[in-house]
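One chain comes next, on its own, written as structure tokens: the form predicted alone.
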């Protein structure tokens, strides 16, 4: 079994998970086990379902066409069965993304489609849909000396006092080829065949839980939205966080709407949810980073990137 640290959990896997790192010394026994096994095509007693998935109490069955079927049980076990003709190298990619995100939902955690860096002892999150530039922005900040907390998938939990904690993910950045070239980073292994996306080893990783510092929802600057950082009203802030949940359509079907509304309201009131509207041009990146650093000072996080 291979051992990894993912979203604050220790994971034991029968298959290697590219881009993931080993857990810190002294980590507890595995919270999650990943194994190859027979997986049914149908889930008995399913109470909710979609075109490729079924949910029944503590079990979630999902099929990735042409790749594998996955059965998630109790937030602790992932079983997979490859489909005929599948490329075995594709299976870990979906485990690290869609499948693990659903497992975190199953464990009752708040899961965002976000990347994060550590600033002055707190986690700063960048949310957005695929292609919004979450990983690229995080990579640019890591390049300037800030530790990476997580990339693409971010798990949070709320304490009894309402404080939000961000759980580190411990995996490599995953960047498109042009972003690697523009940032002058070292290209690692290719994620998938015929896909110009590669693993990139960050300069530093923060591997301990961090309090949440702020959340920025990314938006491209184009009319009628000028560049800048703004704070939406409480209703829009709550809707923004809910919209950037990982696989948001599943939240309602898994009975987690109330949890996300409570978390979004708490975070918006206590920490801050902001909109970061910026040009996607790499020429604008230095100005965007300077704007972020100034905003961190404005909200009480005055450590600047090196």
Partner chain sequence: MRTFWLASYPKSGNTWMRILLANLVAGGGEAADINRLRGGFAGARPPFDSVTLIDSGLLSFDEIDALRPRVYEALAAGDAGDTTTDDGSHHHRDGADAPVHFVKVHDAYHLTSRGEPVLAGRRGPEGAVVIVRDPRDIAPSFAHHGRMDIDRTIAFMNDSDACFCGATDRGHQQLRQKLMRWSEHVGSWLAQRDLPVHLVRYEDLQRAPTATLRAALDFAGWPVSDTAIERAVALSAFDRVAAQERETGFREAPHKRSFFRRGEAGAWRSDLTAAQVARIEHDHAPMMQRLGYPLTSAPCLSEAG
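Positions refer to the first chain, counted from 1. Values in this document were obtained by computation on a predicted structure and should not be read as measured data.
What comes next is about the form predicted in complex with its partner chain, which does not appear here.
Only one of 64, 32, 264, 39 lies close to its partner chain in the predicted bound form, with a heavy atom inside 4.5 Å, and it is 64. The single contact residue among 172, 143, 106, 98, judged by any heavy atom lying within 4.5 Å of its partner chain in the predicted bound form, is 98. In the predicted bound form, its partner chain stays beyond 4.5 Å of every heavy atom belonging to residue 59.
Its partner chain in the predicted bound form is not approached by residue 48, whose heavy atoms all lie more than 4.5 angstroms from it. With a 4.5 Å cutoff on heavy atoms, residue 184 does not count as touching its partner chain in the predicted bound form; it lies far away.
At the 4.5 Å threshold, heavy atoms of residue 52 reach its partner chain in the predicted bound form. The stretch among 208-216, 129-137, 159-167, 72-80 whose residues place heavy atoms within 4.5 Å of its partner chain in the predicted bound form is 129-137. Contacts between 261-287 and its partner chain, taken as any heavy atom within 4.5 Å in the predicted bound form, involve 275, 280.
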